[in-house]
Ligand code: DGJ
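A single chain, nothing else alongside it, follows as structure tokens in the form predicted alone.
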Amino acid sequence: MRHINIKNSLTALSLVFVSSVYAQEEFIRISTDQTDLILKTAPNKRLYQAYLGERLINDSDINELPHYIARPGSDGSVTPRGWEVYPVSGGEDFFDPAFGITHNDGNMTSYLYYRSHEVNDIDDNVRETIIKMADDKYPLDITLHYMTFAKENIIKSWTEISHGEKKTVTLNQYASSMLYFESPKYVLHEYSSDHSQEAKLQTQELKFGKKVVDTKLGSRAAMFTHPFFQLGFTDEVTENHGKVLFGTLGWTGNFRFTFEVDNVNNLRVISGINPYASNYELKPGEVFTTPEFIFTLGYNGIGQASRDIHDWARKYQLKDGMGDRRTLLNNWEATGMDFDEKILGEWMVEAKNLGVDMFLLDDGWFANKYPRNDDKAGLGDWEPNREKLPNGIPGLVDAAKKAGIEFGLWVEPEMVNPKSELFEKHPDWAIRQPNRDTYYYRDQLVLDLSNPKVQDYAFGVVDKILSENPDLTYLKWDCNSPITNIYSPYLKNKQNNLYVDHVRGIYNILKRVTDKYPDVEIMMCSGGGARCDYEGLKYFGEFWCSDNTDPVDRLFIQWNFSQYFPIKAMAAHVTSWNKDASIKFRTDVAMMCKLGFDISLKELTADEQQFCAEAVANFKRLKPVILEGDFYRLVSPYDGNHTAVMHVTKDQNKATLMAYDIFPGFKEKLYPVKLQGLDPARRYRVKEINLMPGTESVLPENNKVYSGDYLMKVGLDAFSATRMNSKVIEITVE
């Protein structure tokens, strides 16, 4: 790491300091290759946002930016007021603040003044800006962090809060970021959710007042609302046109986005932990670090902004983001908890015949005093059930080896059933009210991970499994309950810290697991897609988008999740949901993402089994395209009865086109699918794959060669009039 001091100098770095014409005023420039975020101090040494938008070509133009918004007072004086970068409650700002505090003396007001800043040039692409701010009346220190990823056009921001008062202070607001915008129009795209109904798109124009998107569930926090949004600044933002802000918070707990349009149509966007029931008590000398708010401004529509996030995530955020992913066969949809060693051995043979890399054993394998035969008992007792598995997990790992595949296992170490030995021994380890009737969500409770002893227990569960079974290569880590009965026996009179410290406890466990077992793949699952954030994905290589595996529903779910997450982070399985859809259609839909199976091959015909095996082989051959390539959403399922997507390698040598006919209308006119991302000057062979045995392609252009220019301007006749029909087309440069 190279440390560069930029005070009192003008540099060509992405972060520069420019002396203003006002005494002791300073500009701070935070840049990617495409975007400038420029901050400035006013004469009163408060810090303001001067500009956020497309990168300015000329450094000298920074001097022309407004230094602050001057508001004349009744006595003729001029007071600097405006878009303060981190406004505090109790001052002269009339709208929602980023920060609120109660000092030792009961005072609820602070003013933050700029002290200094520096830049760390981490490498040729990544730079971090650190801005020190402080109150002039109280020993309160705020450090703002901005990290830029130049090529990917991504900015991360977070805040550190500390104080030197004699006693604990109370933080009642502690945002990660506040951004300001000035535009005639603001159109918000948000994503609501419920079990099996994840990532449902909602769109509305923002007018005067506040729009709040938040969650209060604690754990399984994204069950109703996902921690990401889009904000358009024109009448219509499409995949390829318009200016758009993508924002997401890296926090596996309660989050809140506040969008407030003021009286003159300026917009402020505040992002961070939801302070609901979380007036955090911070001791002297402790540092409160907020989650990372991650954002990009796209100037050419949703698609490019999406691909920028994908590139950034694979390279910098996603666990093993540049590594491989295993295909698998899971038993859950077919067997539930009704299985034994013999049945599982047969599944391993099926997995081998299918050609996948691994067999994944799901829920129901553990607990003896209270056997895990349904979801009402056993959580917390992580010993293999002797009746089902007399040879334990080692026996299953050995059986998988003999079958020639790898082995993975389902766990839910954050939860406990009241009907368990763990709860009998440690009832104080569960979050629950001490003096009220207990409400059970799915007959389980959330363990109190604010308690270090409980963290040690949860880590010990996973550590024991992995240390005793070093050849176990994959964990499906589930989280099926939000926090109910809100009370921590451990925190006692500091209950307001529970929601925050619980999530920090989760991260402590996950960090210990991944530090000790870096090569074990872990899937983030939470009753489907109720966990899908970028802090969690530092520890998980993928997440389970939804328990809903109906291929028609999945087309919409995967379309929306793909806007924020790279394809290799999105797990999709072929199941028996919607048997009206062919096994080809179900498989082709799952092949859009990281392919897996959750179906017994015995229920398939010989031709269907052969098709699935060939599809697995095609997917494994095309993983560099599907999992590493640029992703293009070509035709939206929201716009009609068809949808299509593409994956294109970075060198433009290879691509896949996946086209899906959902429910075409009678004699509906079909339009060609115009491709994207190819080299217009090169020529490409078009070949349909994933064909059922004994059938031939009906694609008119099959096995012909076209220029990239032709394919992108004229397109392919990839759609049909057949309901729930699909085509997977391989495109290879000649």
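Because the structure is predicted, anything quoted here is derived from the model rather than measured. Numbering starts at 1 and follows the sequence shown.
Heads up, the form predicted in complex with this ligand isn't pictured, but that's what we're talking about next.
Does any part of Trp332 reach within 4.5 Å of this ligand in the predicted bound form? Heavy atoms only, please.
Yes.
Quick check on Asp547: any heavy atom within 4.5 Å of this ligand in the predicted bound form?
Yes, Asp547 lies within 4.5 Å of this ligand in the predicted bound form.
Give a yes or no for Asp362: in the predicted bound form, does one of its heavy atoms lie within 4.5 Å of a heavy atom belonging to this ligand?
Within the cut-off, so yes.
Going by a heavy atom distance of 4.5 Å, is Phe339 a contact of this ligand in the predicted bound form?
Residue-level check for Phe339: no, no contact with this ligand.
Just to be sure I understand the contacts: of Asn480, Ser278, Thr290, Asn254, which is the one whose heavy atoms reach within 4.5 angstroms of this ligand in the predicted bound form?
Selected residue: Asn480.
Tell me, out of Lys476, Lys584, Lys594, His163, which residue has a non-hydrogen atom within 4.5 angstroms of this ligand in the predicted bound form.
That would be Lys476.
Look at the stretches 608-616, 204-212, 499-507, 525-533 and give the one with heavy atoms within 4.5 Å of this ligand in the predicted bound form.
Selected stretch: 525-533.
Output the sequence-ordered list of residues from 430-464 with at least one heavy atom within 4.5 Å of this ligand in the predicted bound form.
Just Arg442.
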